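Shown here is one chain on its own, the form predicted on its own, set out as structure tokens.
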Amino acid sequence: MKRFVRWVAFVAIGLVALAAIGYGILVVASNRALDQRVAVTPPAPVLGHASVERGSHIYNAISSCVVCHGADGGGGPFINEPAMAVLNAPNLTRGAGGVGAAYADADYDRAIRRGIRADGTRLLIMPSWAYAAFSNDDAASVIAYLRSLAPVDRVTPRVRLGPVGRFLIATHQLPFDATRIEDETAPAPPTSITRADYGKYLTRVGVCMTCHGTHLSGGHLAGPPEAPPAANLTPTAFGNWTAADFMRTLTKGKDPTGHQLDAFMPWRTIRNMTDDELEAIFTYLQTVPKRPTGNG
């Protein structure tokens, strides 16, 4: 009996040792991914025509930057799940702890449209793939708005990864947008002024495609495991919805059946888009191919 107990103890110790070694490898691999630096592409000399008013509208309504970085731009906690990660959105202002005092326009632009910090490391949980489609004017406007914000003194703590987050990063299941952007060619901003073309642009830079997928058929594509699957936005799911139904859903938070939209869906910021913008998105959604729900 003693020999059996000793054998079980040796096996248990061995398993614990293997687990510790495995977790150590996971820590090293995930830290290496976080600290990896990528080539910093020189920016264009001039971004575009900047409008603080337009930048404010993009930040607070179209692209929902306010959801993570706050109305003051000072950032703060937005993921607090120790098993996954404890993550704070960066302070974007020129206050103490913010990037504004050190960032040139090119640095802001690289972070927004390429997902890369000024030091060459890649941003995590930053929807730069969506923002890569920003026109030069819109990118310049967002930057102008950030520079107009009052300084906020708030230091951004380094991300703390939990075991699940480390595993997802080490196995490339939680990809960096900077890598995805590098592997693709960003679409050119619409040159025509048709409602559908502008709606497609808004659907990309408004982060709809990040959650609902590039084909907009929905599924569980973004967010924590407990987040609900994104809805199918193709004509398959809309049925007889009218533009008024669509706009009412996004401004009131309830669909025509009375179903309340989940809080994970940022309709409280989207409702600040103009009627023309919401109608443009709906017009575009009527043009996409029908698809069954799931897999984006």
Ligand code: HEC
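Residue numbers run from 1 along the displayed sequence. Since the model is a prediction, treat every value here as computed from it, not as a measurement.
In what follows, reference is made to the form predicted in complex with the ligand, a form of this protein that is not presented.
- In the predicted complex, no residue of the candidate spot (E81, A83 and Q286) has a heavy atom lying within 4.5 Å of the ligand.
- Interface residue remark: Q260 is counted as part of the site for the ligand in the predicted complex, having a heavy atom within 4.5 Å.
- Using a 4.5 Å cutoff between non-hydrogen atoms, M265 counts as a contact of the ligand in the predicted complex.
- For L87, a non-hydrogen atom is located within 4.5 Å of the ligand in the predicted complex, even though that partner is not displayed.
- Interface residue remark: A230 is counted as part of the site for the ligand in the predicted complex, having a heavy atom within 4.5 Å.
- When the ligand is considered in the predicted complex, only one residue from V207, I181, A170, A133 comes within 4.5 Å through any heavy atom, namely V207.
- For the candidate set M126, A140, L149, L174, a heavy atom within 4.5 Å of the ligand in the predicted complex is found for exactly one residue, namely M126.
- Shown without its partner, the chain has S63, S64, C65, C68, H69, F78, L87, N88, A89, P90, L92 in segment 59-93 as residues with a non-hydrogen atom within 4.5 angstroms of the ligand in the predicted complex.
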